[in-house]
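Heads up, the chain below is alone and in the form predicted alone; it's given as structure tokens.
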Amino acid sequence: MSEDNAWRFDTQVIHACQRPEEWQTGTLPPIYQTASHKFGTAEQLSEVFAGREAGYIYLRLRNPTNDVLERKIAALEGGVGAVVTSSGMAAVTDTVMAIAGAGEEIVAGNSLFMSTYILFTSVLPRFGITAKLVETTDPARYEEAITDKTRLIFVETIGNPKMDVPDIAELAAIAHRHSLPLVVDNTLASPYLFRPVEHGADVVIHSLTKFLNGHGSAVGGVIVDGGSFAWPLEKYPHFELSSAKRPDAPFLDKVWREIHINFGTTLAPFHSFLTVIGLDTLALRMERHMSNAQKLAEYLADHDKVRWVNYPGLPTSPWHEVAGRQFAGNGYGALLTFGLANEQACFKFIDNVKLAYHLANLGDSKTLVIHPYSSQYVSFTEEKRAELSIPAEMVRVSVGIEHPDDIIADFAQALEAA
């Protein structure tokens, strides 16, 4: 792996963890679409179950195709290892359940993906876990919310759809002052734009469905262990066994051994295979995604029918400075939101786009549009939608990799009808 890590990202994303000599000289890993694996002797199966010998037993535990994807993403994020899961939400759930338990708390930025918000505010409390939500970009609020019951800090690199950008290094410093891990959902940035571990994060999560896959063909998630957090037993006594078994990566062992395989959050091997294919073009796609997003944001900002545009790449964004510093000038992501006169104008715009697709996803190579207020957040109260910055006049855009002039032309003709 040392050779893999010496390459620049654009090379690493293609060549890291390639093992043609192990794949009958193939340049892509085989799809091991099997529920279980045959053993020659009872002694051998016993050794693998005991962990004294490497091997594959059952798909819910480990799978060779999934292993390739895990190694590749761990290398891209600079982690010591990874576990792929059946969805991004499975990755979030597995992570929290591995760390926190009944009577304990988590502190999270309040700019959260819709399903993460519901998990934290409605589902986890039924298991005795309390989530304290604070203003995402205000570090002081995190520190104020921490108590002796707090077990982790959670934040998204770029908020969806608020588009706010917290200072990850500052939040990592706060977390570590209190002997807490910082968990970062890096879905919207991808490791091409930002690697949270290098800024102090301890656990990194992705929805593989988005930019890492890139072509909307598979659903999945991943949890990456940064490998640097100590997991003090006075605060995390349930980590004792994992710390003994995997002193280099106790969290990885904990989330895999106790939560992932017993909750059954396994990723289908075929979905891993499709994601491995998608990763080859991640660097090129992200360059184009972000270049197109910048051009579209600037166009919309000057359009007389557009009331406002929210994109970290615009100097008018409250998070422009921290995003530019944190992302080292490499870009500002591929998601943006903009406001029209009202909900009806948004509907007319969406009904008239011809190039862009209207659907509930992001990170696809195609440009995607949605009206969050009336779709993903339709069951939320007016108060909650306001709290989460989901106004009725907002359209969310996941900017694709088409020619920028064609995207802008499509938006121009649709705005005429709005």
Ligand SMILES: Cc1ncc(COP(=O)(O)O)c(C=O)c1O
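Every value quoted in this text rests on a predicted model; they were computed, and no experiment measured them. We number the residues from 1 along the sequence you see.
This protein has a second form, the form predicted in complex with this ligand, left out of what is shown; the following refers to that one.
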**OP:** Report whether the minimum heavy atom distance between Val322 and this ligand in the predicted bound form is within 4.5 Å.
**Re:** no
Subject >> Contact of Arg285 with this ligand in the predicted bound form (heavy atom, 4.5 Å) >> reply: no
**OP:** Report whether the minimum heavy atom distance between Ser190 and this ligand in the predicted bound form is within 4.5 Å.
**Re:** no
Subject >> this ligand contact in the predicted bound form: Gly278, any heavy atom under 4.5 Å >> reply: no
Original post:
Looking at Ser243, Ser87, Thr121, Ser291, which is the one with a non-hydrogen atom within 4.5 Å of this ligand in the predicted bound form?
Top reply: Ser87
**OP:** Let me know the one among Leu252, Val219, Cys346, Ala172 whose heavy atoms come within 4.5 Å of this ligand in the predicted bound form, would you?
**Re:** Val219
Original post:
Taking the partner as it appears in the predicted bound form, which of 308 to 316, 173 to 181, 265 to 273, 209 to 217 has residues with heavy atoms within 4.5 Å of this ligand?
Top reply: 209 to 217
**OP:** Could you list which residues of 156 to 178 come within 4.5 Å of this ligand in the predicted bound form, counting heavy atoms only?
**Re:** Glu156, Asn160
